[in-house]
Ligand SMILES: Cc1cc2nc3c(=O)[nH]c(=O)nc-3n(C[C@H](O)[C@H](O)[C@H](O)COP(=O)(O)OP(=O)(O)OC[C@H]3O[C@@H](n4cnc5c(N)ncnc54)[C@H](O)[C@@H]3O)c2cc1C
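Okay, here we've got a single chain as structure tokens, the form predicted alone, with questions on binding and movement later.
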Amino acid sequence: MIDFTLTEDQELIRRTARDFAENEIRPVAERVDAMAEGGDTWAIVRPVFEQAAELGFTTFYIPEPFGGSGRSPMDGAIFIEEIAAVDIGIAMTLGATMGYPMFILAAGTDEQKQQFLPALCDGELHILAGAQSEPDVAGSELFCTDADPALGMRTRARRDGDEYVLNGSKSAFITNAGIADHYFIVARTDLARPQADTLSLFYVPAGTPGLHVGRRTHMLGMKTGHHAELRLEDVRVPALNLIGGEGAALGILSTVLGQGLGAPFVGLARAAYRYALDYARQRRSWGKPLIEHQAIALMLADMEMHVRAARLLTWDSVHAAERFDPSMTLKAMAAKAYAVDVAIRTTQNAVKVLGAYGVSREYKAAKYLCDAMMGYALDFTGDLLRIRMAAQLP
């Protein structure tokens, strides 16, 4: 029996997230949107994350025995949708911080769990980042399975006694780079062997000697987010900081891919749709509200339909991940690709509904569109996800 009714606890999570987003995030996001390009947005945004840490949001998935909230991926999808409906940039930063401990939960040893997880639950703010793509190697090459060792990522991790030494660089699009306290860095342990056999995942605290952050990258959308390049120059980390063993990175990343990557874009699409709907009900043309014009009404109906479909696809993918269903990776890729497509299409239509005001900074439609366009490239392009899906079709 399929039941899409949320439990009382999940309804509480939804209300809590919605209240936090409206009362704490919205004023900060609006202040950042009003800033001139190049300003220090993190100084404005950080207090929101400090509050989130105090409320247990940043340790959302970490089990209670380690000090976290012990919530499920479905709880997280519900939570992040509400945050993203107010500001997707903050939702993506928070979602990364919430989600990356799953690498340790999925593949870490008992010793790693005991060492790393309680430290993240000490009540202080710990922002997390994952570093995969490289300046001259597209993020899509993470999935390169060609046997030629010359292809793929070039960041190297060399074993030296009880340590690994990391050298290389990561692209200017690393989410949370520059504000993160801890990084999960993907590197190859042997450049003479195929990438697929050597990609490994390392837990690297910020401030580790040799780990350098480049200039912040200013993006078209998600202005409350933070992206920058990383350089690794003889970065030494204990062998204990290798998560899952050498060559395990692809499997770990695939496991965590199912944790609701579509949810932020469902929230964004929902916000754009509601914004256009409210405008269409108030704005009048030819003596009647816009929504009474059939062309506008049909557009709004499509927006509602696609937002609901994206949410259900996302929930289905998360449900599969919770059960470790073999289809979970396929479903996760489908959910992310479709949710982004819906967000882009919905925000484009919101701009159309608002007409000239749709491209005005006074109104939010253009902001929503810029935010949505970011989703096509973040966490793998829509085309790459479709190619990967095609390889897994049942």
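Heads up: residue numbers just count along the shown sequence, starting at 1. All values derive from a computational prediction rather than experimental measurement.
Not on display, but discussed next: the form predicted together with the ligand.
Student: So, L378 and the ligand: in the model of the complex, are they within 4.5 Å at any heavy atom pair?
Tutor: Contact with the ligand, yes.
Student: Mark M219 yes when one of its heavy atoms lies within 4.5 Å of a heavy atom of the ligand in the model of the complex, and no otherwise.
Tutor: Yes - in the model of the complex, heavy atoms of M219 and the ligand come within 4.5 Å of each other.
Student: Taking heavy atoms only, is S133 within 4.5 angstroms of the ligand in the model of the complex?
Tutor: The answer is yes: S133 has a heavy atom within 4.5 Å of the ligand.
Student: Flag M374 as yes or no: does it have a non-hydrogen atom within 4.5 angstroms of any non-hydrogen atom of the ligand in the model of the complex?
Tutor: Looking in the model of the complex, residue contacts with the ligand include M374, since a heavy atom lies within 4.5 Å.
Student: If contact means a heavy atom within 4.5 Å, which one of 113-121, 288-296, 198-206, 167-175 is the stretch that engages the ligand in the model of the complex?
Tutor: Contact criterion met by 167-175 only.
Student: Looking at the ligand in the model of the complex, do all three of S140, H227 and D383 come within 4.5 Å of it through at least one heavy atom?
Tutor: Spot residues vs the ligand: full contact, yes.
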